[in-house]
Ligand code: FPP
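Presented as structure tokens, the chain that follows is alone, the form predicted alone.
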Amino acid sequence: MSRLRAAAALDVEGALKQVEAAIAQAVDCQEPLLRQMVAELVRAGGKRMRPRIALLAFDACGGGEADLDKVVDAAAAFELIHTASLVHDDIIDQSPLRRGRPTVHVSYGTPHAIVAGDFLFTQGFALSGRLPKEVIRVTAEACVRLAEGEVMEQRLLAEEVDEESYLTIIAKKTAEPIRACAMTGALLAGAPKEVVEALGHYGLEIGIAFQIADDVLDIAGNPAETGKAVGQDAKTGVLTLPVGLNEAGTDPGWDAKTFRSMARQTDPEELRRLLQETGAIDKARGVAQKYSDRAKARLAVLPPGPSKDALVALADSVVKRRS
């Protein structure tokens, strides 16, 4: 901890506005329809959790004003890559809604949606290409893990999946990119190796907690807050912790594969009732809390400061969120 520079009290909200400006510049293009599609995608926004983690990690590790442009570019790149992955995810899962709005493949057709996703990936890597080689490597590795996780999930849709396999999938698909954000903030701040690794573990574990919480919201969330129908993932067969790993055995003949198949045919409210009765929802929440607590413990390597406090609060918020 003594090898870290003092935190620079970064104006995170101001830096996030710079990230938004960098994203807007990156998605500008000459083709009007493509420009319209990607503008709608980035305006839909979301929580901007990934850029926020990169900025907070940068500040918590003592990042200075001289390197702020680099971390802004990195944060924008991660958000563009994340948005691209959502476009492709929605196509694969045939999701009709994203954050309460029709998905891009519903509004514009699958061919245009694929191109929009590819464009966002490309622009994300164009931004990251300005950064040090180590950051480019971390970004590329996260994208490789994301692709592996997507294929692994699709390959196992018809299989009985244990908790270890499920956690591997969500670590690759959701958590590895968040891990890369946290590591990049620390790297650009010049943090020592052990701190970079600790922030990477923080990002990985908060990402796992975030995805499990998302699984719970698919079953137990309020559609007005989540922006998607209850049980949407269950209906399309997407692996989630409460459904795919229901261990309570409400019927002795049900294994995880059989239960997932049954869930696709069950009324969402009935499925919610069933999973509440078996304790699967509470169990999933408990697993999410475990990973959130692990993430917070990783921050012991950081000196006290507002950005460290914000990273702790973020770990708490992912398991308590309602949307």
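Don't overthink the numbering: it's just position in the shown sequence, from 1. Everything numeric here is computed off the predicted structure, so don't read it as measured data.
A second form of this protein, the form predicted together with ligand FPP, is not displayed here; the remarks below concern that form.
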Practice problem: Answer with one of 126, 92, 114, 158: the residue that has a non-hydrogen atom within 4.5 Å of ligand FPP in the model of the complex. | Solution: 92
Quiz item: Which one of 204, 146, 241, 72 is close to ligand FPP in the model of the complex, taking close to mean a heavy atom within 4.5 Å?
Solution: 146
Exercise. Evaluate residue 106 for contact with ligand FPP in the model of the complex, applying a 4.5 angstroms cut-off between non-hydrogen atoms, and reply yes or no.
Key: no
Exercise. With heavy atoms only and a cut-off of 4.5 Å, decide whether residue 173 touches ligand FPP in the model of the complex.
Key: yes
Quiz item: Is the gap between residue 198 and ligand FPP in the model of the complex 4.5 Å or less for some heavy atom pair?
Solution: no
Quiz item: Though only this chain appears here, would residue 88 touch ligand FPP in the model of the complex if you measure heavy atom gaps against 4.5 Å?
Solution: yes
Practice problem: Tell me, please, which stretch of 159 to 167, 211 to 219, 185 to 193, 72 to 80 lies within 4.5 angstroms of ligand FPP in the model of the complex when heavy atoms are compared? | Solution: 211 to 219
Quiz item: Does every residue of 98, 150 and 233 put a non-hydrogen atom within 4.5 angstroms of ligand FPP in the model of the complex?
Solution: yes
Practice problem: Just give me the residues of 105 to 141, first to last, that have a heavy atom within 4.5 Å of ligand FPP in the model of the complex. | Solution: 121
